[in-house]
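Consider the single chain below, provided in structure tokens and representing the form predicted alone.
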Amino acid sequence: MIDKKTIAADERLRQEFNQWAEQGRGEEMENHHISITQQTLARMELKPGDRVLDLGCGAGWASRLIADAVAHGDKPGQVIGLDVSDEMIRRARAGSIAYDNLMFVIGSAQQIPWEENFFDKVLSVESFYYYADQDRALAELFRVLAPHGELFILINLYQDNPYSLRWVEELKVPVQARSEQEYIQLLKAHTFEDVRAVRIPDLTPTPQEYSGKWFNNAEELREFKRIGALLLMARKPGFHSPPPGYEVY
């Protein structure tokens, strides 16, 4: 069972991201992350019939891209968007009524409310560093992935991009700031296979003048984009996970 400390951390995330949702920041994430996400979707090689989990789906914009990619053919795929924020899920559902192959579920990454050995692929965009117990989250992802299922974790906040570390003190919730090598070792420790990492640059144009709060000038923003997001990729072995010793629904 998920422990009290993790439950409290999830509740803190729920409250914070409910506020983000009410401010429209969930929808804003599409503009901020569309370039790195599209490049990641290309690497995922989605195909009709795939069953995909969008972990930390927010307002559902990436879930809809995935749903479009797996919808065609004789056997349309299925996409599940999962988020701890009930307000994000409400907005994701409202924006996705045209999709028959897309469902949004409120839940924790550290106790995923889904059956084991189900998903062919998992995508997580800009959410994994928020999880208080990343070991537990990876154990849950291993459980719900089908044998030989593939995991794709995309994050901008990591030790090897020093510009991103400026966010750590400013965010109102704790975050994990691991290095690329630390993440690789973490995935291997959870018995994932074919573990690898690549950098995904942000290809969107950079303005000549920068007036935001995170960078001192446009050149720093340009360098942040050049260093890129960290994409972690791994595969579950040909192993069927047993049912967990707790209720998942």
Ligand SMILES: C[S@@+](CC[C@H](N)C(=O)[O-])C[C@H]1O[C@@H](n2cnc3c(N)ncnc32)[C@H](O)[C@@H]1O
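Quantities reported herein were computed from a predicted structural model and do not represent experimental measurements. Don't overthink the numbering: it's just position in the shown sequence, from 1.
Not pictured, yet referred to below: the form predicted in complex with this ligand.
Proximity of 13, 58 and 126 to this ligand in the model of the complex is complete: all three residues have a non-hydrogen atom within 4.5 angstroms. Although the partner is absent here, residue 78 sits far enough away that none of its heavy atoms falls within 4.5 Å of this ligand in the model of the complex. For residue 130, a non-hydrogen atom is located within 4.5 Å of this ligand in the model of the complex, even though that partner is not displayed. This ligand is not shown here, and in the model of the complex it never comes within 4.5 Å of any heavy atom of residue 65. A residue is said to contact a partner when one of its heavy atoms sits within 4.5 Å of a partner heavy atom; residue 29 meets this definition for this ligand in the model of the complex.
Heavy atoms within 4.5 Å of this ligand in the model of the complex are found in exactly one of 44-52, 66-74, 29-37, 206-214, that being 29-37. Among the residues 151, 92, 102, 109, the one placing a heavy atom within 4.5 Å of this ligand in the model of the complex is 109. Just one of 138, 145, 84, 155 comes within 4.5 Å of this ligand in the model of the complex, counting any heavy atom, and that one is 84.
Annotation for 202-227: no interface residues with this ligand in the model of the complex [heavy atom within 4.5 Å].
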